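Given as C-alpha cells, the chain that follows is alone and in the form predicted alone.
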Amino acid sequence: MVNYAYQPPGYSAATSATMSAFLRTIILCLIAAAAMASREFAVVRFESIIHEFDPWFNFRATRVLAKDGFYEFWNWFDPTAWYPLGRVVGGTLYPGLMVTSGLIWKALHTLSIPVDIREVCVQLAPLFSGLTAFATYLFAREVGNGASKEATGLWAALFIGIAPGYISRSVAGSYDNEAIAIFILMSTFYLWLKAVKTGSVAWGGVTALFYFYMVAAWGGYAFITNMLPLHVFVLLCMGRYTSRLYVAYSSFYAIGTLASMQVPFVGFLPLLTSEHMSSLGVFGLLQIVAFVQLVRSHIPAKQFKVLLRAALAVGALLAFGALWFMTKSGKIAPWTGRFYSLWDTGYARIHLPLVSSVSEHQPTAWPSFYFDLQFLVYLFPAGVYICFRELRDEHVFVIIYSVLASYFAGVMVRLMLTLTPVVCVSGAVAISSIFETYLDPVVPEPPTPVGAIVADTPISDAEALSTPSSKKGKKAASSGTSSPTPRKKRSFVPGIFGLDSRVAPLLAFTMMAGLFVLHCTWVTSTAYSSPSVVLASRNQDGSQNIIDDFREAYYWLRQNTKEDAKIMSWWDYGYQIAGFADRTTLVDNNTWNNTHIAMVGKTMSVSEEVAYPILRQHDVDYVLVIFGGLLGFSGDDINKFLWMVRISEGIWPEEVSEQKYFTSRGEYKVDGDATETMKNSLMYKMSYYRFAELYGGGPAQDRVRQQIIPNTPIQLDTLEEAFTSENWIVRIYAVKKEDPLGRDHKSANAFANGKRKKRVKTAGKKKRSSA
C-alpha cells in the first residue's frame, strides 16, 4: 500500500492533462504580461520617448522606412552624417529591427489602427520580451527532465521575463537591436534542438530561417554561427554521430549561409572571414564522418582502419595547408581586433582605444552578476550539474552555452545579455527539480533501525550461513538442537518522510523566489528605466525633479541654427543630435572611421589656436560639449577627455601626448595643479568658461571631480558662447568666421575691447630719436 504525505487530487488522467494545459496557458500569458508591464516604468515615470544613443539612429532609419518605403530606405544615403563623407545607410546596418517595426506599423494601419511609428518603436522591446518568455519556455522544456519538463519551461519563462540582465536592454524606449535579438536567439536554439532530436530537414530549414532573421537583426549573430558548430563538434568527439545530426546541421548550414549572404552588410563574409570558418570547417568534417560511416559499412574492419588513418593524415594536411594559403593570400580575412579583445581584456586598451572607450565594453565587475541575476547566480551551477548527470544532446548544448557565455560575460559588460538566458534555463532546471522532489506526495516505506528484529521475516538457510552467526548455525544443525530462526534486517531506504520536511524547503525556495521578484522590480524601476536624454533627481521633500537639459539644447539647435549647420561633438552624441535637432554631424555612434573620430579628439585636445584651422577646414559652425561639474553629472566630456586624447594620440603621436595631461605626480587634475596643456586645451576652456562667475568670487568647486577651479577668467578668441542649458550640462559654442580685415582673432578681440596693440620700436626709429 502506498503511503502519502498529503492526499493527491483524485482526478482522472484526462482531466489532469486538460487542467494542466489550461493552467499552463494561463501562467504563460501572465508571465508575458508581467514581462511587458515591468518594462513600462520609463513610460509611466517619464514619457514615451526613445532612450540612449544608438536607438535614435534606429528610430530615424525606421521613420525613413515608414515614410518613404522599403526601396528608399534600402538605398538611403545620409549626407548629414560623418560630414563631409556621408554614410551609405542601407549597406552599413542590420535592417531586421527597422523592418520588424515597419511591418508591425503597416499591419496596424491595415487594421485601421492609427498609431505613430514612434510608439511602435518605443513599445517594440516590451512586446518582444513577452515573446522571449515563450521562446525560452519552449527551449527549457526541451532541456527539462522527465515529468518536470513543463515546470522547467514555466520557471525559465518567469526568470527571463523579469531578470534585470535582460531588462537592461529591453525596457520601453530601448529601441536597439537587442530588443528583438534575444527572442530570435532563443527561438533559433530551440529549433536547433528540435532539429537534432528529430533529424528533420524541415526543422533544420526553419532554424536556418531564424538564423537569417538574426543575421539581419544583430551583429551578435556570430554567437550562433559558432555555438551550433561547436555543439556538433563536441557531439562528434563524444562519439554521438547520428544521421539525425548530419541532416540537422547540413540543412541548417546550407540554407542559413545562403540566406545570411543576402544581407548587404554581411555579403560574402561567411565565406571570407575567420569568424565564420568554424561553421564551414565543422560542415566539412561532418561530410567526412558521414563518408567514413558509409565506407565502414562496405569494407572489412582491418582494411578500414588502414584507410582511415591514411585519409585522416592526408585530409588534415590538406585542410591546414588550404587554410594557411588562403589566409596568407588574403582570401580569408584574419581575426579582427574586436575578436582579440574578447580573449585579451588588455588588447583593446593598447591597440583599439576607441573600442575600449565604450563603457559597456569594460570587464564586468563581480557585483554586477548578483545585481543582474540575484539568486539565479546560485541556481545556475546547480542546473549545470543536473545537466551533467543525464548528459543528453540538449544538455551538452546547455553546458557549452554556459561555459562560453560565462566567460564572455566576464570579459565585457554588454555580454551579460547573452549569459542571462542560459542562467535562467539552468536555474529553472535546478528549481523545478527541487519542487518536483518535495511536492511528490509518495512517502517511502519507513526503514527498520539497525539491529532491530523484524517479525515474520524468515530467511533461507543459505542466507543464515552467510550471516556472522553462520558458525553457530552450523554447530547447532550438526548437534540436532534447534535455535531461534534469524530474521532479515532491512536496508536503509532514502526518501522524504513527513509533511514538515517537505514544507520547509518549499517555503524557503518560495520566499527566495518572492525576493527575486522584488529585487527585479526594484532594479528595473530604479536603475534601468531612466532615459539618458532625461535625467531625474529628488528634491528635499522627496518630490521628483526632471532635468531636461539635453532636449532643451537640441531644441535650441533645431530652432536657432541654419538647416545646413555643422555640429562638432564627441561621437557619443551624434545620433541624438541628428535625431532631435536634425543637424549635420561630423561623427556619430557608428564609429566606422577611426581617423575621423581621432580628428575630433585632436581638436578637443589641442589649444584654441591649433584647433581653429581644423574647425574651419571641416566647415564647423558649432561645437557642443557636455559638462557636469555644476550639477554633479559624472558622464560629462571632462571624464571622457582622456579617451579623446588616447584615440587622437594613436593617429598623431607627435602632436598629442597623454602624458602631458597628467601632473608630475601622475594625477589627472582640473584645478590649479592642472598642467598647462590641460588648461589650454579647447575642451577645458569650453567646459569651465565663466564657471567661476557662478560662485561670485568664492571657491568654484567641480562637483564631479571634487576639485576647486581657479578664478582666473578663461578667454575664448575663436569661439563664442551661443547657448548653455539651465543646469549647465550642455554648452554650445559658435565658431567665429575669419576676420574681414585679416587679423587674427586675438588681436581683433583686443581691439574690440578697447585695447591697443603695442607697437614694436624698430632700430631706425631709436637712432632718429637719439639724434
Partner chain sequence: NAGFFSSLNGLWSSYLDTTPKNLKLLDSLQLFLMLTGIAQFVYCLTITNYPFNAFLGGFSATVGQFVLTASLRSQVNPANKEVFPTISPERAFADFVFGSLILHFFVYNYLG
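Nothing here was measured: the structure is a model prediction, and the numbers come from that model. Residue numbers count along the first chain shown, from 1.
One more form of this protein, predicted in complex with the partner chain, exists but is not displayed; see below.
For the chain shown alone, Ser251 is a contact residue for the partner chain in the predicted complex, at least one non-hydrogen atom being within 4.5 angstroms. Contact check for Pro381: every heavy atom lies farther than 4.5 Å from the partner chain in the predicted complex.
In the predicted complex, Phe662 stays away from the partner chain, with no heavy atom inside 4.5 Å. In the predicted complex, the partner chain stays beyond 4.5 Å of every heavy atom belonging to Lys328. Listed stretches are 222-230, 373-381, 262-270, 653-661; the contact stretch with the partner chain in the predicted complex is 262-270, by a heavy atom cutoff of 4.5 Å. When the partner chain is considered in the predicted complex, only one residue from Leu312, Val411, Leu209, Leu439 comes within 4.5 Å through any heavy atom, namely Leu209. The single contact residue among Arg558, His109, Arg690, Arg244, judged by any heavy atom lying within 4.5 Å of the partner chain in the predicted complex, is Arg244.
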